[in-house]
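Only one chain is shown below, in structure tokens, and it's the form predicted on its own.
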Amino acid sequence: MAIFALWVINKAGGLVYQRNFTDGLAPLSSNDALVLAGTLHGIHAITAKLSPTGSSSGCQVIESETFKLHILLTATGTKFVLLTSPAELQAQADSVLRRVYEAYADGVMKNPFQTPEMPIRSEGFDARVGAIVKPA
């Protein structure tokens, strides 16, 4: 399983967590990362409105020749985005995203010192994410 990065985007489209799992990614400035998160948030909102057959939760996968973006939208509007190799199976990515979301619910949302919608600075969450993803 080749996972390159994980992003957590709050319901307003702000990047609250970013972690790379490979050295091959081009480094993003903090401004570029914020623009990327806002753009992805906008694309997700637009795709939720495009469904010709009724309601939609928006895009769940964005594919290119060199990567896939897997998106998990939570009930609160927080998005978990996993950047993987193009060969990554959706079921595997969904499993990783659900486990990261559980770690987020336990380690971040239950933390009385964490302000909702603000950047995540939790060593416990970071350690759990590292254990879940286990970079190749």
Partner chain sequence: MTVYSLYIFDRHCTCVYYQDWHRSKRPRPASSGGILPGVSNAISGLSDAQNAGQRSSITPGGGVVVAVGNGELDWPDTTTSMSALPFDEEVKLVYGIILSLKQMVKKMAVKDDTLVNYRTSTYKLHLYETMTGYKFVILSDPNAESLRFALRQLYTGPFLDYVVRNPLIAMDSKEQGIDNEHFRAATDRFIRGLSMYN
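None of the values given here were measured: they were computed from a predicted structure. Residue numbers count along the first chain shown, from 1.
The same protein also exists as the form predicted in complex with the partner chain; that form is not shown, yet it is the one meant from here on.
Is residue 83 one of the residues lying within 4.5 Å of the partner chain in the model of the complex, judged by heavy atom distances? So residue 83 counts as contacting the partner chain.
Proximity of residue 112 to the partner chain in the model of the complex, heavy atoms at 4.5 Å: Flag for residue 112 set to no.
Verify the contact flag for residue 102: yes if a non-hydrogen atom of it lies within 4.5 Å of a non-hydrogen atom of the partner chain in the model of the complex, no if not. Residue 102: no contact with the partner chain in the model of the complex.
Looking in the model of the complex, any heavy atom of residue 49 within 4.5 Å of the partner chain? It does: once the partner chain is placed as it appears in the model of the complex, residue 49 has a heavy atom within 4.5 Å of it.
Which of 73, 28, 108, 34 has a heavy atom within 4.5 Å of the partner chain in the model of the complex? Looking at 73, 28, 108, 34 one by one, just 28 meets the 4.5 Å heavy-atom criterion.
Contacts with the partner chain in the model of the complex - residues in 4 to 25 whose heavy atoms fall within 4.5 Å: Contacting residues: 7, 24, 25.
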